[in-house]
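The chain that follows stands alone, in the form predicted on its own, written as structure tokens.
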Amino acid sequence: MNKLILVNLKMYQSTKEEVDNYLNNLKESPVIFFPSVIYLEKFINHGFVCGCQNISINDPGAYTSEISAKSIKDMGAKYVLLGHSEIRQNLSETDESINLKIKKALDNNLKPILCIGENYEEYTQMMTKIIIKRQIEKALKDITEEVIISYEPVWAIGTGKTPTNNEIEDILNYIKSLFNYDVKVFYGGSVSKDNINELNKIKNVDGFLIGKAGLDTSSLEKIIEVVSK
């Protein structure tokens, strides 16, 4: 499977029973899961490659409710999702704090996945490339190590709307042109079993970041089947 699938489970699963049922219905899967941190070890113990949905900018210390990169690495995670639009919006995350978190992840041998994307107003004003270039430059300031990029138009997340394949391909090409290495770029934003056949036709996409569609194991299997072709 050349393309990867990332599944951000957000805070959808709220009980051990839900998680156990989900894991019991999963087949062996070439997918990287990002469960709620309290269930991270449960996924890892089932043999899945996992990442965390966020980390602190701080080392272990007196930081109530925060989770250090060191702790996440010690739990067995390999990746960390940073800059997701929900955290930017709901927790006032800035490109500057994302930059510090990426550095902290790399210091602890976690692979950062940087989420970037424009809102609908920026999209309609044809500012997408300006926005994502700014996000990349600020989030990756003074960083020379390789990272993974996930392009997620904010207006497409959870709305059922997606840009056209030509639009996505153009933006992915633009993102790749900003790097001096063969950066891996994923697409996310309302990816589902219903549109994965079309999205999988995008020539330069390295994989997909999916959210709610990954909650249903039969839907996830369909997406895996298409992407694996």
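If you're wondering where the values come from, they're calculated on a predicted model, not measured in any experiment. All residue numbers refer to positions in the sequence shown, first residue = 1.
This next part talks about the form predicted together with ligand PGA, which is not shown.
Using a 4.5 Å cutoff between non-hydrogen atoms, Cys52 does not count as a contact of ligand PGA in the predicted complex. In the predicted complex, ligand PGA stays beyond 4.5 Å of every heavy atom belonging to Ala69. Contact annotation: Ala156 falls within 4.5 Å of ligand PGA in the predicted complex, judged by heavy atom distances. In the predicted complex, ligand PGA lies farther than 4.5 Å from every heavy atom of Pro35.
Per the 4.5 Å heavy atom criterion, ligand PGA in the predicted complex is contacted by stretch 157-165, the sole one of 196-204, 157-165, 41-49, 57-65. In the predicted complex, Leu209, Ile210, Gly211, Lys212 are the residues of 193-225 with at least one heavy atom within 4.5 Å of ligand PGA, listed from first to last.
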